[in-house]
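Coming up, as structure tokens: structure 1 and structure 2, two forms of one and the same protein chain.
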Structure 1
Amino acid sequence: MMAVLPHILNGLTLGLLFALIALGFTLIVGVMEVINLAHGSLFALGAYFALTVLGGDWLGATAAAEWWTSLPLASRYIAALIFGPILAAGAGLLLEMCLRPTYGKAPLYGLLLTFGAALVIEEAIRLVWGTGEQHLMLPRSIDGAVFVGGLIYSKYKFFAAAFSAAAIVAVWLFLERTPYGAIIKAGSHDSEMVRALGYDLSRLRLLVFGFGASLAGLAGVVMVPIWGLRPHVGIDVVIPAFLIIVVGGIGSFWGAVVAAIMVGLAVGLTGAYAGAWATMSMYILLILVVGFRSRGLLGRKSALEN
């Protein structure tokens, strides 16, 4: 049993990171009923923006750049953690504007548009930041290793998991305790009713998409020191994110969190004891859950089930 504990811990931390990735995705699907295939690209964009903020290249060869790079890495990292998601949100807002003509049409239009956007964003990343591997420098306080129960763990991974947990709680509080959150939640139940009550549906969609994109960007900044930063890193994100929201129940906040932890545990444990099945374990979990409960763990009951 003692031998399994480190892997359970590893699976839990991995699950929290997956949850951060899936949150924005589930929010957009829930409110807008758009499967945003560009979610991974927004994830990558957030990380690349963070890289630029951290490095100070955007200031050119100026005194300001010199001043910026002379600042402690920790403060630049915090700035990257703030501005990476904000800039990704900007890209998300643009994408939402492009999506507008597809509203009210068959879901395939939105799907194709976001797929196209993913390709465009990836190519844009190649043009701006190049094709090679990049590194997001970490402050020393969260870099390196720490001993837990005689085994070495990545200090950063603990930080990232704790950060993800805090972000999940913050998003939940936002949705539960603020008027904007209430509108978003109402929108996810019945957007037409929200419009009927006098709220601007266009603005709601813009807000949700921007917010979802910022969460994707935030996940990017947090995850790439573990996954590595390359133009197609976003592709690695979309499949687990999609899988998690289906397992958790489309549009369900806590469903996504629970599913992400289950996926993390499945990947962590199979990675240790049956490595070849680590990726496959996600799909097996999906088959098991959807096989027994088609609407996912905490998904709303479909009209078809009545």
Structure 2
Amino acid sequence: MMAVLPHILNGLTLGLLFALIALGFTLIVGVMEVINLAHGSLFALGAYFALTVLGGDWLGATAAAEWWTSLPLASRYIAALIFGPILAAGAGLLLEMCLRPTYGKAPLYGLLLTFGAALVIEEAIRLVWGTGEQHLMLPRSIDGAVFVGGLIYSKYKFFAAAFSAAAIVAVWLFLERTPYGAIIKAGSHDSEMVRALGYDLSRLRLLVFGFGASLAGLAGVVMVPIWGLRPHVGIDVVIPAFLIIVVGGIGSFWGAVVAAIMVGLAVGLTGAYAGAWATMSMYILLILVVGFRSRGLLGRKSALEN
């Protein structure tokens, strides 16, 4: 049991991080009916913005930059954790404005526009931050290993799992307990009904897209110390995010969380014992779930089903 426990913990950590990415993705799909292929690029942008905030490069060779880099690493990391998602949300808002002419048209228009945006963002990352792999520095308090019950495990992975779980609960509370959350949920069921009730549908779409982008950016900041940071890292996450919302059931909050943990465990365990099958395990899980339950684990029943 002790031999397999680290791999189970790795899978749970990966699953919780996947859930954070997939929740933003599923909110955008639910409210706007747009499959945002640039979601992974927003994930990467959040991480690169955090890298810049942490290093103080945005201040140039000035006295302010010297003051910034003299601050404790923990303070700068917290600033990166706050501003990385906020800046990613800003990029998401710009993308939503570009998407507006496609509303009401065939879904292919939105799909192609977000695919083009993903390519543009990836090239912009190469121009601004370079093509090499980069790393986010971590404060000493969450770096290194910890000894728990006979197990030596990464402190950072414990932090990433706890932080992601707390963020998922916070998103759930926002959706369930606040008026804005209620409007977003209503919009995911019937956006025209929200308009008929007098709410500004354009503002709702902007809010949801920015919120979804900030979740992607937040996941990027937390995940890259585990995955590494490179210009095409967004591609590595957009496929699992899409797969998770299908397995969990499109529009289901807890379906996405459960599916993400299942995918994380599948990848973590196969990666440990059959590395060549790690990526394939996600697709096998998709086939097994959708083959037996076409609407996903917790998806709503279609009116066309018996």
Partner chain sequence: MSKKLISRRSLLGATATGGAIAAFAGPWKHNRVWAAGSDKPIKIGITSDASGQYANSGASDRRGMMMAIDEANEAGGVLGRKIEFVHLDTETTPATGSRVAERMISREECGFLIGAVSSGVANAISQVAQKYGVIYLNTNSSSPSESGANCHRVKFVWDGNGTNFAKAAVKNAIATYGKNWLLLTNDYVWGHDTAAATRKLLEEYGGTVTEEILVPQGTRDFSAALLKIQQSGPDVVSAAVGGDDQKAMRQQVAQLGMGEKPAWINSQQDWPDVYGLPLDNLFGVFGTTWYYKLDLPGVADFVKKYQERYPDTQMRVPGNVFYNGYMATRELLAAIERAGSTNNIAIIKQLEGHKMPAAERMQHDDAWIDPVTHQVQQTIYLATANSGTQDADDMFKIVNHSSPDAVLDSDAAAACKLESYEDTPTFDA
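Note that the rigid core is defined as the largest set of C-alphas that superpose within 1.5 Å between two forms. Counting starts at 1 with the first residue of structure 1 and goes up one by one along its sequence. These numbers were taken from a predicted model, which means no experiment stands behind them.
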Label of the structure corresponding to the form predicted alone: 2
Post core alignment: residue 65 C-alpha displaced by 2 Å or more between structures 1 and 2: no
Residue 274 C-alpha shift between structures 1 and 2 of 2 Å or more, rigid core reference: yes
CA of residue 9, rigid core aligned, shift of 2 Å or more between structures 1 and 2: yes
